[in-house]
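Only one chain is shown below, in structure tokens, and it's the form predicted alone.
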């Protein structure tokens, strides 16, 4: 029996790129054939370098942008077919927490208006009970009723993110997409928000798609991880399996790049899997032939230069690498 709440099937998003006179039309392949599923009550994390397509996937899940190809299936329904009341119900069921809490809050709206608006739009509470409902939401994220009449600029970054989380929870969603929700916060505040998300997940059973480049956070919070590179998933596995034994050279590179405290001064070696002189990610407009990672890979061989590796499942994990196949 399939327990998936969300299924992403061969999802693509290609943007036309500017080309010179007489040149063939070129595209930025922001997302190029991503597939995964998220179990109910589970946490699926997408990780990778900036520009790999994580946030584009998030916006397609939320139907903020339309895919070039592929499908987003939520609760057994292709969201591309949703209109009218069914689309409104979907908007209620799927919420997002953005990266920058200050930019995602209206600076001219008080907290009571920000949190009360979705309750009014979806007819969830009578107007005479609106204040009490907003107070309960604030208490749910660790804030008090004194916040009701304040504006976003009167809060710290961590408090603003708590308000954004409360807004996402206001309509009792089934799925929350958290797009880098910690990266704009101080480290001490990150821990508080992370614990809040974990607590909400335990109490409410909400399914979470967590997008981040912080592998320590991903290891703590997620059940399953998909590693993205140049618009594709190159490895996907249960969190404990991926961190214990990464298979793709790019995943090894990411794990080696996590900062560690050193007690003895030593020269930093080139991370495993990274070829000398190739530290920069290639352009998504001119994706190299063959394996997209091969220009940076120290373990490449002839097949890598010409043949794109398929994402093959073996022993409960998926890896797109000729070394693994």
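Residue numbers count along the first chain shown, from 1. Predicted, not measured: the structure shown is a model, and the values here were computed from it.
This next part talks about the form predicted together with a small molecule, which is not shown.
Interface membership of residue 59, defined by any non-hydrogen atom within 4.5 Å of the small molecule in the predicted complex, is confirmed.
Among heavy atoms of residue 33, none comes within 4.5 Å of the small molecule in the predicted complex.
Interface residue remark: residue 28 is counted as part of the site for the small molecule in the predicted complex, having a heavy atom within 4.5 Å. The closest non-hydrogen atom of residue 49 lies within 4.5 Å of the small molecule in the predicted complex.
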